[in-house]
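Given as structure tokens, the chain that follows is alone and in the form predicted alone.
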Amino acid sequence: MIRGFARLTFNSVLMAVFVGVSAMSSSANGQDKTTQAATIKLPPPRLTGSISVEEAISKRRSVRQFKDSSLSLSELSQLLWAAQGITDTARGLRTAPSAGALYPLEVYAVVGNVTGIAPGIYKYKCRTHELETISLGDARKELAAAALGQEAITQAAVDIVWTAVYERCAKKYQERAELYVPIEVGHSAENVFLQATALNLGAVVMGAFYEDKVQTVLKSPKDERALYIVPIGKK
């Protein structure tokens, strides 16, 4: 009877240890997922600046070499808002026009050197003006490798990358989506270019890259097609 009780107690202890370890493992995995899915609230965008639109247009130039200097979180916030920020909360309208207000574009920030945020890949959530963490770690070299080794990508403090879900546009405009989506990314990228100029930052637009490899770096969904890369940094 005593031996049986001892055996039962020993087995109970083993079971408790097993359950405890499993719970710790599940908790650790859950924490990893939570960390990767964490969101970062961005500072609100400024609606006035120190230079006019006309001056920004006249000063806009492609810059392919950058200082090894960080951007502020406010500067990153302003750039992302220029790309796809909400300008009419009641109707959900954004900074760049979209055919049928269908908004097929998605915007990523491949961060290398931004004060207050760890290097990593982040997705811009325009409705809440937040960043969603996709992965942590400096991915600029991997992105550059997917873009024919263009050095500006690795030198930039941040690389803004646009993808698009063509189906959002095609459900209304069918084959015209193949025209409307590239037009829309042009609107958005020019907003960012002019905003970078207004912030006295350098930027350059890039369309030479392997689409599938960029999507692999971004870990973007299969229905998103990579369209554009804009490296941005201090001139």
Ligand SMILES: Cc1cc2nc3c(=O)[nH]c(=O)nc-3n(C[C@H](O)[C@H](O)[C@H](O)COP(=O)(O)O)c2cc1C
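The structure presented is a predicted model; accordingly, all values stated were derived computationally and were not measured. Residues carry their position along the shown sequence, with the first being 1.
The discussion below concerns the form predicted together with the named molecule, not included here.
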{"property": "Any non-hydrogen atom of Val205 within 4.5 angstroms of the named molecule in the model of the complex", "result": "yes"}
{"property": "4.5 angstroms heavy atom contact with the named molecule in the model of the complex for Ser62", "result": "yes"}
{"property": "In the model of the complex, Gln150 touching the named molecule (heavy atom, 4.5 Å)", "result": "yes"}
{"property": "Answer range among 65-73, 197-205, 170-178, 48-56 for contact with the named molecule, defined in the model of the complex as heavy atoms within 4.5 Å", "result": "197-205"}
